[in-house]
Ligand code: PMP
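In structure tokens, one chain follows: the form predicted alone.
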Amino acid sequence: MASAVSKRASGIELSITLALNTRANELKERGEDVVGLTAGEPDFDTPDVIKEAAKRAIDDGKTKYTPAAGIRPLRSAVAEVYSERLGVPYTPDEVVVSNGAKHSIFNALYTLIDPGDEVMILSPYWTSYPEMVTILGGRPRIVELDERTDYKLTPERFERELSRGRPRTLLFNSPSNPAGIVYGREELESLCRIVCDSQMSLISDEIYEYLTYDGHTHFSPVTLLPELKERTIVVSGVSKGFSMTGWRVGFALAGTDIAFRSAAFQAHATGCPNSISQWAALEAMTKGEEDRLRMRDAFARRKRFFGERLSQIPHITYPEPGGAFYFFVNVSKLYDACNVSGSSEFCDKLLDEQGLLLVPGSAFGCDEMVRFSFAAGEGELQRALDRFQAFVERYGG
């Protein structure tokens, strides 16, 4: 019997990061001795001031449909905060609130590309980027980066790529998932000028904007080149900085026409974001800075601790993360000794022998790597590093 599933749907794979996080939780619930560093979310509870705002919203009956683009008070707060933060003026009508930053990125792609258009994606990339482009009928153009440029796109490489044909859109992420790469002012400004000259559109995924360390500073492309505003969608949200991953509130800032079209698509595709979560996000934007800074400082301490331990383990290399909460580690020197052919088999062997669950780099376009998340307590990180070191010492000699 012929399958009822469409060809388009049959090619979609599950998000491996979400699947692995679910697997780690299931193993722990069964009582197995497993340490999982797969989660791309803060382990902190959502701050009390935000939870209380959600309770008030329920008690006040703010549980109905909202405008498709989000409640006006939240869009106004986002516009005010980001106009000051980015140094570029935005109005509430240039803000679209969605069901998480992932949803915002999908809306952005729908608004900017047509079927057949190319989207430039830098590898290592967040696992959902290519899938989103493909779902919408676009063609991912993967640009593979490596340690020679610290996993960053250089102007020279960018120009070479454009000489092969001009993509419609560049999908850009700094600080990045999975490698924690943060582009400096001069590095990013050079790329922005190429984008501007090429007439490409730009999606700037800045969800980790508040999580930078060791002197690194986040810059948005529109800050460095304000004329990019009319062709750029800046994406962020409250998930990472305010520990609100499950609340599902992201937002996009863009010129009036792009924002209007994105909101119109959202109105038909999913309707409005969760009303209660929007009121909680408003509280985060207006009163959550103290808690956000507290959590960021804790991540900075964990990053230093994790990096110090990791640097003592032989046979591995990695770019030093300047932001987010990941280490992206090259373990390919161990593949032969482990009798594995790639990162998925490496992670399976690591789980079987040491009870340590990591995300294989193949999910991010880099099969030589594995991703550690340090969004966990220090005790959990210590256990993970002990197990990883024992595994490396067994096979690394």
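Residue numbers run from 1 along the displayed sequence. On a predicted model such as this, the values are computed, not experimentally measured, just so you know.
Quick note: we don't show the form predicted in complex with the named molecule, though the next part is all about it.
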property	result
Contact stretch among 301-309, 216-224, 268-276, 102-110 - heavy atom within 4.5 Å of the named molecule in the model of the complex	102-110
Partner contact for residue 282 in the model of the complex: the named molecule, 4.5 angstroms, heavy atom	no
Residue contact check: residue 243 to the named molecule in the model of the complex, 4.5 Å heavy atom	no
Non-hydrogen atom contact residue 169 with the named molecule in the model of the complex at 4.5 angstroms	no
Exercise: residue 82 in contact with the named molecule in the model of the complex, heavy atom 4.5 Å	no
Residue (of 239, 212, 204, 201) lying close to the named molecule in the model of the complex, criterion heavy atoms within 4.5 Å	239
Partner-contacting position among 248, 292, 315, 261 - heavy atom within 4.5 Å of the named molecule in the model of the complex	248
All of 126, 173 and 177 with a heavy atom within 4.5 Å of the named molecule in the model of the complex	yes
